[in-house]
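In structure tokens, the next block holds one chain alone, the form predicted alone.
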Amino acid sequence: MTILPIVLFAVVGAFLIMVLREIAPQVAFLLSLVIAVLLFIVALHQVTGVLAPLEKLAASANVNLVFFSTVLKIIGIAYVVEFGAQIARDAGVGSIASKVELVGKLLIILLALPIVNAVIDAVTHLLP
């Protein structure tokens, strides 16, 4: 899929939201939520096509696939958390957005611990 239909969909959606915001703010927010989710799904669909070549590249570079999948999970968490936080900010609940970001950061730390541990082990084996 090219970027043009995606951008046109977003622009038309933004225009409709702008018009609806004056008439029915709740409907405008729901429409913005639906448009954001649809755009997110389209983006996820595009990303899934890239994962298989990246896995092949990681395997050919002798990268531990557990670490590779962990890094991909961390990236996924970061994007989903950002998406959720921005939706919360659009709804006017910045405090909830901050909590979503905090939980995402904690999950990322938990996922990253085995990688940090492996790096520390590798460095300690290199030192005399």
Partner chain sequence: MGLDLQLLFQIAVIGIAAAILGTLLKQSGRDEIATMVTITSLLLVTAVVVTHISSLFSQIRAVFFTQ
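Positions refer to the first chain, counted from 1. Keep in mind the model is a prediction, meaning the values are calculated, not measured.
The protein also exists as the form predicted together with the partner chain; that form is not presented, and the subsequent description refers to it.
Q: Please check if Gly13 has a heavy atom lying within 4.5 Å of any heavy atom of the partner chain in the predicted complex.
A: It does: once the partner chain is placed as it appears in the predicted complex, Gly13 has a heavy atom within 4.5 Å of it.
Q: In the predicted complex, does Val80 have a heavy atom within 4.5 Å of the partner chain?
A: Yes, Val80 is a contact residue.
Q: Is there a non-hydrogen atom of Asn64 within 4.5 angstroms of a non-hydrogen atom of the partner chain in the predicted complex?
A: Taking the distances in the predicted complex, the answer for Asn64 is no, it never comes within 4.5 Å of the partner chain.
Q: I'd like to know if Val93 sits close to the partner chain in the predicted complex, meaning any non-hydrogen atom pair within 4.5 angstroms.
A: Contact check for Val93: no, nothing within 4.5 Å of the partner chain in the predicted complex.
Q: Within 4.5 Å of the partner chain in the predicted complex - does that hold for a heavy atom of every one of Ile109, Ile115 and Ile120?
A: Zero of three within 4.5 Å in the predicted complex.
Q: Using a 4.5 Å cut-off on heavy atoms, which residues of 21-49 contact the partner chain in the predicted complex?
A: Contacts from 21-49: Ile23, Ala24, Gln26, Val27, Leu30, Leu31, Leu33, Val34, Ile35, Val37, Leu38, Leu39, Phe40, Ile41, Val42, Leu44, His45, Val47, Thr48.
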